[in-house]
Ligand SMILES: Cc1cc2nc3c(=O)[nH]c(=O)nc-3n(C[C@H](O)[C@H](O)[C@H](O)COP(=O)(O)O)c2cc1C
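What follows is one chain in structure tokens, specifically the form predicted on its own.
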Amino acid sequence: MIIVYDSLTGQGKKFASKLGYKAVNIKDYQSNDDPVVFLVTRSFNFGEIPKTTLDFLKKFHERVIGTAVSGNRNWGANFGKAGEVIEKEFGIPLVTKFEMGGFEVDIKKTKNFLESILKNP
């Protein structure tokens, strides 16, 4: 299990590092035939998927078991919208949307999701 993060401001990296698994920047990800990957990404331009994330998903979406998306609640309905688009277009569950480096509730929810997936592959 590996966490791949796409982080512009460092918040996604911070969130990924709190999950307790190896975390790697999306630009540095090398396919090691990892059977499952969890994606931490972000939204830009009012809810679009970043190009780096889209390129990654085009290659590896079959491995991605879920996503967490950073954003700012000030964006209203567009807060973490990229996660909704990923869920719809790629069928990958949106586990959580988070602000800053993620609050404890966001981390716990994501860890619980990962543990349940790993126990019941």
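Since the structure is predicted, the reported quantities are computational estimates derived from the model, not experimental observations. Quick note: we count residues from 1 along the sequence shown, nothing fancier.
Missing here is the form predicted together with the ligand; even so, the following discussion is about that form.
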So which of 29, 79, 90, 60 reaches within 4.5 angstroms of the ligand in the predicted complex, heavy atom to heavy atom? 79
So in the predicted complex, does any heavy atom of residue 25 sit within 4.5 Å of the ligand? no
Verify the contact flag for residue 43: yes if a non-hydrogen atom of it lies within 4.5 Å of a non-hydrogen atom of the ligand in the predicted complex, no if not. yes
4.5 Å heavy atom contact, residue 47 and the ligand in the predicted complex: yes
Given that the ligand is not shown alongside this chain, does residue 10 nevertheless sit within 4.5 Å of it in the predicted complex, heavy atom to heavy atom? yes
